[in-house]
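The chain below stands alone and is given in structure tokens; this is the form predicted alone.
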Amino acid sequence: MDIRIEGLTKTFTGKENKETIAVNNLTVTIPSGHLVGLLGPSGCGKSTTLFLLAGLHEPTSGKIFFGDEDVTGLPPEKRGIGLVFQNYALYPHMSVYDNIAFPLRNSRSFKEEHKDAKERRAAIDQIVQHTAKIVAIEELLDRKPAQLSGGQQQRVAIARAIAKQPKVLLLDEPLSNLDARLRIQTREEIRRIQQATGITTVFVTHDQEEAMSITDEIIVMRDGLVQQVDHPQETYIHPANVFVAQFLGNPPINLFQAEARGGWLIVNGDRAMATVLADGHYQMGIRPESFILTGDEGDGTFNARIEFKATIGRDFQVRFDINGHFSEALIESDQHISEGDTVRFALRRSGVHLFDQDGKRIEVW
């Protein structure tokens, strides 16, 4: 089931009739069977977009289609959605089994399809057992939520959402309450479950690592506007603008003011990289992993003074000063480098991105 969003806008009116545009003319298609991440900082409109898809907010304008069906005016219970909140929202007095079965027992359409009570109980049991197996909680069906870990509770919430066999699964910051190790395990589980069910899934997160690791596609948002829609790796390798480049990556991308002159990009007076750009001023983004320590001097390199060094696994993370501008690089830890050293860097072209003064990407290689 694909999702088509056409010109979707949501405006909230606050105190003194001040209007805030939370989602601004959003138009995007989410392919059937894909796991798509809505990614962006707090307040960018990603959760509002999810609630519009769920029917929990009414759009100011625009349309939402699930397949060929216009669901814009439908209430949540008639959209065929499964919704998982960040706080799980499990019923504490019910067993895991009963939490999963609850939406089926209260579904009018399910009761109409299974009019005989005995047949209905058997159908519910079959669905609960099958769903529990998909999310790997078969051994937990008799427990109460308080007896489960955070990751197990999250899987119960997902099982309850998919037990209704929804057309669309919507996840709102589903990992935000978990510790770092459990977040990694649970996000991998979410990916496995989504692939096993084939349900079109929209996953809201502010965590770029989560979005990059499990999604088929990322929609990056800022101030209610879509900045880029692309495959995760493409979004990182070819950011559409400065915002996307700075939002993706840890440590973040380094941004310099550079001048193109005579076929070279000039950084701090050094000819840092050859270019075919017309002479002028540009923004130059350099990924931390794209700095190469070199003993060579001359064109294609530039000086930097190392102010800080930390060992991070197999790499050194160094902070350096270029004409008063502090930046960070990741250097292989077999390199001999100390705080206070003045070193010479060359650049890997694949990690260098150029933007105009308005922040729009310039394709030059």
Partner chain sequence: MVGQNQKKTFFRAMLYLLPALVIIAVFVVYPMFHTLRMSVYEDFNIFSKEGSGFGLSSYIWVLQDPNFHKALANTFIYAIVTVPVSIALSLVIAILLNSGIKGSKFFQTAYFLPYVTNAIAIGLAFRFIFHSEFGIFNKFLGLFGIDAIQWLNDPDWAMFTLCIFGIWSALAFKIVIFLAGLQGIDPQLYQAARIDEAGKWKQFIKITVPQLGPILAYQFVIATIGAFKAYVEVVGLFGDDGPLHSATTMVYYMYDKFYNANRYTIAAASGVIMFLIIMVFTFIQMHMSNRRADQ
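Predicted model only: the values in this text are computed from it and were never measured. Positions refer to the first chain, counted from 1.
This next part talks about the form predicted in complex with its partner chain, which is not shown.
Engineer: Heavy atoms within 4.5 Å of its partner chain in the predicted bound form: which stretch among 238-246, 259-267, 124-132, 100-108?
Structural biologist: Contact-bearing stretch, as computed: 100-108.
Engineer: State yes or no: in the predicted bound form, is some non-hydrogen atom of P75 no more than 4.5 angstroms from a non-hydrogen atom of its partner chain?
Structural biologist: P75 belongs to the contact set for its partner chain.
Engineer: Taking heavy atoms and a 4.5 Å cut-off, does H93 contact its partner chain in the predicted bound form?
Structural biologist: Answer yes; at least one heavy atom of H93 falls within 4.5 Å of its partner chain in the predicted bound form.
Engineer: Answer for S149 alone: is it within 4.5 Å of its partner chain in the predicted bound form, judged on heavy atom distances?
Structural biologist: Taking the distances in the predicted bound form, the answer for S149 is no, it never comes within 4.5 Å of its partner chain.
Engineer: Residue-level contact is defined here as any heavy atom of the residue lying within 4.5 Å of its partner chain in the predicted bound form; does L56 satisfy this criterion?
Structural biologist: L56: yes, in contact with its partner chain in the predicted bound form.
Engineer: Indicate whether the candidate residues T294, F320 and H353 are all in contact with its partner chain in the predicted bound form, with contact defined as any heavy atom within 4.5 Å.
Structural biologist: No, none of T294, F320 and H353 comes within 4.5 Å of its partner chain in the predicted bound form.
Engineer: Heavy atom within 4.5 Å of its partner chain in the predicted bound form: which of F316, F302, F51, F66 fits that? Just give me the one.
Structural biologist: That would be F51.
Engineer: If the cut-off is 4.5 angstroms on heavy atoms, which of these, V202, I81, A163, L178, is the one near its partner chain in the predicted bound form?
Structural biologist: Looking at V202, I81, A163, L178 one by one, just I81 meets the 4.5 Å heavy-atom criterion.
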